[in-house]
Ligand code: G6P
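Shown next as structure tokens: one chain only, the form predicted alone.
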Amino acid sequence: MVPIKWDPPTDREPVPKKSQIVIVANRLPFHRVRRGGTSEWATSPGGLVSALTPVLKNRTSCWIGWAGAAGAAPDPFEHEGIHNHPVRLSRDELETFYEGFCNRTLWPLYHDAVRTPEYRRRWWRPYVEVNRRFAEAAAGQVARGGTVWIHDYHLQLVPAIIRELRPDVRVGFFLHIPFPPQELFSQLPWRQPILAGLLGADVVGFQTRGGAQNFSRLCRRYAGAEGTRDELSFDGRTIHPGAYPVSIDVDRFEALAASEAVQRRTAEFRQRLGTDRKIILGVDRMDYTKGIDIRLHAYRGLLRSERITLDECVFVQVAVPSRERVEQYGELRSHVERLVGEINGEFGELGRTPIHYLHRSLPVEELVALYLAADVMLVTPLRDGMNLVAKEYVAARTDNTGVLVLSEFTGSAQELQSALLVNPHDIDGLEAALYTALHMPPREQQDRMKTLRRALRRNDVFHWANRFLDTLAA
């Protein structure tokens, strides 16, 4: 396939000095909410936002992204110490670029084809056009000699476009989801231009070593790059692929866990759910990669076998709404809610419910209170780039109690190896791990959680961001 050619601007005059570091992501870190009849900006949920905002508040920076509504973009604005530069997306682009190419082609392909990817030619051109728009916005905001840090699968062409528009700046790219092996990525009709787009960066970061190795191997095969797994040569430049596992602001979660308000809320949750019952918790986006239905089947299997009883434990599942305009996500929600209803109908009693199900976002204070209340945390995606919920749970458990049951197919499993690691495709194995977690002796819980917390301390969000930026500056 012939590489996409970017037409460089004819005007090479110096760009007015603006931000020394520009973040480019699909979404801004803030979204509009209505409160008391007025509209205001509020911090958005999500791993990328929680990981980057603490870092940016200490730097002269700009964040470029979509504001969340189709049509004209709002004017640039300052909020909570961050300069925000919105980029517009039309309704047609939401259907073709976002819902189509990003979430029905790339998302399932990069997550081990858990669902069959769709390859539609009419989605490709909008992907190119939107990537160019984001790149042009970044090129106009970054100071001469500054840094542009691009995030995630929505914007894989942006590095090469910025390389053409602003050859004076350093360009980094970080992929928050898995990068697939050759056997899967090779299916993509646009594999060569996407690899060429990523090769526009000086540093290309992945969650795991395996992702970086997959990228290097594919670049050598399909994009004409040369070199090794750690250093590639392309178009007269050197590119450094590498693993940079993303993390969280550990101090923030520890402080929240220690606050009186969160402690009171934790006590309320335990009182409502039953002080004599062990609490199992799941917190996920409503996404088919998260394995929500599989863990519900495992919980039902334990109830049916009478290895656990309704009096002994209760399951709380928080499912954050996600991509509800995409048909597959609506079908998944219906399936999960039907399954919750079946289990509650089969095992529930008056005043006793096996599963408490919440389909909404929760404030971080509520989440931390749930983390503190939960005796067992189930994090069982079929595939996940990292999964920050697992790390948030560990950070909140300052008393070293609690058990984390973690899918071995998450990036976080490579750091949090003292969790109970499971194959989420194996329902019998998941049942056994859940039973073990519910009956784990306090001493073993403490030993495991201490080890998990030490691992988390070695790589918090600041270490992650500084390590990436230091490599990019070198």
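Sequential numbering from 1, following the sequence displayed. Bear in mind the structure is a predicted one, so any value in this text is a computation, not a measurement.
Separately, the form predicted together with the named molecule exists; it is not shown, and the next lines address it.
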Practice prompt. Identify which of L188, L94, M286, I177 has a heavy atom within 4.5 Å of the named molecule in the predicted bound form; exactly one of them does.
Written response: I177
Discussion item. Just to confirm, with a 4.5 Å cut-off on non-hydrogen atoms, which of Y98, Y299, Y371, F206 contacts the named molecule in the predicted bound form?
Written reply: Y98
Discussion item. I need the one stretch from 136-144, 152-160, 334-342, 240-248 whose residues put non-hydrogen atoms within 4.5 angstroms of the named molecule in the predicted bound form.
Written reply: 152-160
Fill in: Any non-hydrogen atom of R323 within 4.5 angstroms of the named molecule in the predicted bound form
yes
Worksheet item: Taking the shortest heavy atom distance, is T105 within 4.5 Å of the named molecule in the predicted bound form?
Response: no
Practice prompt. Using the partner position in the predicted bound form, report whether H31 sits within 4.5 Å of the named molecule, counting heavy atoms only.
Written response: no
Worksheet entry | Contact flag, R27 vs the named molecule in the predicted bound form, heavy atom cut 4.5 Å | yes
